[in-house]
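To begin, one chain is listed below as structure tokens, in the form predicted on its own.
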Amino acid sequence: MKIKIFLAICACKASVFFLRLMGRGGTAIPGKIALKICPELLGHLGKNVRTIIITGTNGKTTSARMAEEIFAQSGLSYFSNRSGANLINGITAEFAGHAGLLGKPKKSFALIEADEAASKEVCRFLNPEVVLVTNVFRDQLDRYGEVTNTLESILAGVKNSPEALVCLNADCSLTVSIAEKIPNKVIFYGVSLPIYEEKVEEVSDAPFCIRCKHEYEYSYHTFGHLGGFFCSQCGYKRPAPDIAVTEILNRGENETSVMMDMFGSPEELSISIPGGYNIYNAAGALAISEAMGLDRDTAKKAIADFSWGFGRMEQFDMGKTKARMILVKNTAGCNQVINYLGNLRERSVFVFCLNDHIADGTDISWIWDVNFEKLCDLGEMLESVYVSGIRSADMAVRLKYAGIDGEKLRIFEDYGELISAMGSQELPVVIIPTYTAMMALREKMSAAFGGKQFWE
């Protein structure tokens, strides 16, 4: 077995080296090669590493990066899969990359974002110390199917984590149900008031009680099916969170400040990136910090200092103007971006890039559940809308049905032409791409205007 581990790690490290020489990420393929040689490699590499797993539909990447900032400012020796390779191949490559040739870990902690479907096997191999579940929404219907399938995958992962302290979003009726099916200690976190003064209308992904199928009632909504849910039929309801946002003090274009109740202690928190959904990400990162017993003031400072790019509120200086890139991948996430756009206070250009590769989800019907109609309320604040990507025509049709003036719409078949058009703008640009569109467009923008590679 030791020979297999040695050969697998050597093959993984070598393939990463050569892929990087070719300008490629070297994230999933090296792990795939290593697992061919030693299928149990991840379990061996994770034995002496204290692992934290972040999973769920929306917010796991930003939550993981916020937690990473907390770990960094706490002086912990850690590594993470910041490249976003969150399937077992990519995670194995990260562990091999941070181990010696005989499998001895070079770091004490691993902060790992795990795909919902992959979390079952990842948790089985790694036996994490903490598991954070952000939420459960409809996502990639061709791959996950309905939300109950996603929930079952996550539950299986949590059950494969017998020693973990589990952090659950108290506002998600699906996520909360996990607590009833596990013996683990649970920390609940949530937002105890509406996030938006005026939110977009949304289709709920979980309108009926998971216990008795009676329709939920709500004391308030944050977004999607999240909020103060309760079932008048059987009594299933939102639990009182241990970590709760109790007041939104400031909702700016570049940051948010809130009051929180953290295990009974009032705390003011500054979140260095905008968007109501990032309030949840910050609360989840703080839940991880509390679960690990880290210093609270250090954690709060880390959230205030946090700056995260790679397509999640990432900014590019394009010379005449600045562009902000915001990844979307499903109805719920896109509606939250629409909420954010609705709060902008200066004329802007919006760019929608829609692809239908496997990593995006081949079923793009979700765009018809997004409330793009809300963009029409912006009036003159919406200067123009550019669309691009493999399914740009479908995106343009959806926006026309939403009521966007056809004279404001421009379709770009080529990313180079799109970047040139954005670069000639003097107004702020907001780019809203799906995953593979974000990867391709970001690479070209980083080359043109400067920026880190996605694995850095």
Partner chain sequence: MKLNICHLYPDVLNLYGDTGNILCLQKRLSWRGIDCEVTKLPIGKNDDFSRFDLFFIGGGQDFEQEVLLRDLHSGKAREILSAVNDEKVFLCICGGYQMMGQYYKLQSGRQLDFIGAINMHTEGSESRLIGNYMFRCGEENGGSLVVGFENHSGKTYLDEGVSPLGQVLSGYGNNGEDGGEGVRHKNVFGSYCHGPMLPKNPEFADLLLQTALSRRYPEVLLPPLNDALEVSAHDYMAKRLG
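Positions refer to the first chain, counted from 1. All figures in this text were calculated on a predicted structure; none of them were measured in a lab.
The next section is about a form of this same protein that is not shown, the form predicted in complex with the partner chain.
Quiz item: Residues in which of 367-375, 161-169, 239-247, 342-350 have heavy atoms within 4.5 Å of the partner chain in the predicted complex?
Solution: Only one stretch passes the 4.5 Å heavy-atom test: 367-375.
Self-check item: Glu267 within 4.5 Å of the partner chain in the predicted complex, heavy atoms
Solution: Outside the cut-off, so no.
Self-check item: Partner contact for Cys209 in the predicted complex: the partner chain, 4.5 angstroms, heavy atom
Solution: Cys209: contacts the partner chain in the predicted complex.
Quiz item: Can any non-hydrogen atom of Leu42 be found within 4.5 angstroms of the partner chain in the predicted complex?
Solution: No, Leu42 stays farther than 4.5 Å from the partner chain in the predicted complex.
Quiz item: Within a 4.5 Å heavy atom cut-off, is Asp394 in contact with the partner chain in the predicted complex?
Solution: Asp394: contacts the partner chain in the predicted complex.
Exercise. Could you check which residue among Arg138, Arg251, Lys329, Lys107 gets a heavy atom within 4.5 Å of the partner chain in the predicted complex?
Key: Only one listed residue qualifies here, and that residue is Arg138.
Quiz prompt | The unique member of Lys36, Lys400, Lys47, Lys408 whose heavy atoms fall within 4.5 Å of the partner chain in the predicted complex | solution = Only one listed residue qualifies here, and that residue is Lys400.
Exercise. May I ask whether Val203, Asp356 and Asp363 each come within 4.5 Å of the partner chain in the predicted complex, counting any non-hydrogen atom?
Key: Checked in the predicted complex: all three residues contact the partner chain.
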